[in-house]
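The chain below stands alone and is given as structure tokens, in the form predicted on its own.
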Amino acid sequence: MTTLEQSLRIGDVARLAGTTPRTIRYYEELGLLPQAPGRPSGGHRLYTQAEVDRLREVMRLKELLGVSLQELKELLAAEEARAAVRAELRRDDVEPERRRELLNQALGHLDRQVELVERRARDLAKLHEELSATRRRVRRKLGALDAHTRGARS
């Protein structure tokens, strides 16, 4: 029996996530979202709530970080790798040396994610400084224009 969670069609998912079916298909094609498994007899892909949540997270990160789709793919791949490491670390039978290896792997994934976020922060800081400098120049020009206008009236 199909539950409501398993019966979300692409249009429903698009509405829930605030995007379009075309974007969802494109993200699937790029590997940002899992590819559609075999379709049921009706020919429509059915999505789960977990896939809707994944789409929302992809869109949130893209908007928040302003990264390219390739950078977003790298960020998400590192997150998935960290999730796999976490799953293995939760097991009770992990030997201390393996635990160390896993933690080092997690650290490497985190380092890649932090580097991407820091690069974006630097880019934003540079843009902020450029805009602030331009704003200062415009204000100086306005001030000079105002002073010239006051001087011409006297």
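Every value quoted in this text rests on a predicted model; they were computed, and no experiment measured them. One-based numbering along the sequence shown.
What comes next is about the form predicted in complex with a further copy of the same chain, which is not displayed.
Peer 1: Considering M59, V52, L69, V117, which brings a non-hydrogen atom within 4.5 Å of a further copy of the same chain in the predicted complex?
Peer 2: If I apply the 4.5 Å criterion carefully, the residue I get is V117.
Peer 1: Is the gap between R99 and a further copy of the same chain in the predicted complex 4.5 Å or less for some heavy atom pair?
Peer 2: It does: once a further copy of the same chain is placed as it appears in the predicted complex, R99 has a heavy atom within 4.5 Å of it.
Peer 1: Is there a heavy atom of E63 lying 4.5 Å or less from a heavy atom of a further copy of the same chain in the predicted complex?
Peer 2: Looking in the predicted complex, residue contacts with a further copy of the same chain include E63, since a heavy atom lies within 4.5 Å.
Peer 1: Does at least one non-hydrogen atom of E88 fall within 4.5 angstroms of a further copy of the same chain in the predicted complex?
Peer 2: Judged by the heavy-atom cut-off of 4.5 Å, E88 is well away from a further copy of the same chain in the predicted complex.
Peer 1: Taking 4.5 angstroms as the cut-off for heavy atoms, does E29 touch a further copy of the same chain in the predicted complex?
Peer 2: E29 lies outside the contact set for a further copy of the same chain.
Peer 1: Between 121-147 and a further copy of the same chain in the predicted complex, list the residues on our side with a heavy atom within 4.5 Å.
Peer 2: Counting only heavy atoms within 4.5 Å of a further copy of the same chain in the predicted complex, the contacting residues of 121-147 are A121, D123, L124, K126, L127, H128, E130, L131, T134, R135, V138, R139, K141, L142, L145, D146.
Peer 1: Once you account for a change of 3 Å or more, let me know if E130 and Q70 sit closer or farther in the predicted complex, using their C-alpha atoms.
Peer 2: Residues separate in the predicted complex, at least 3 Å farther apart.
Peer 1: With a change of at least 3 Å, which way does the C-alpha separation between L69 and K126 go in the predicted complex: closer or farther?
Peer 2: Farther: L69 and K126 separate by 3 Å or more in the predicted complex.
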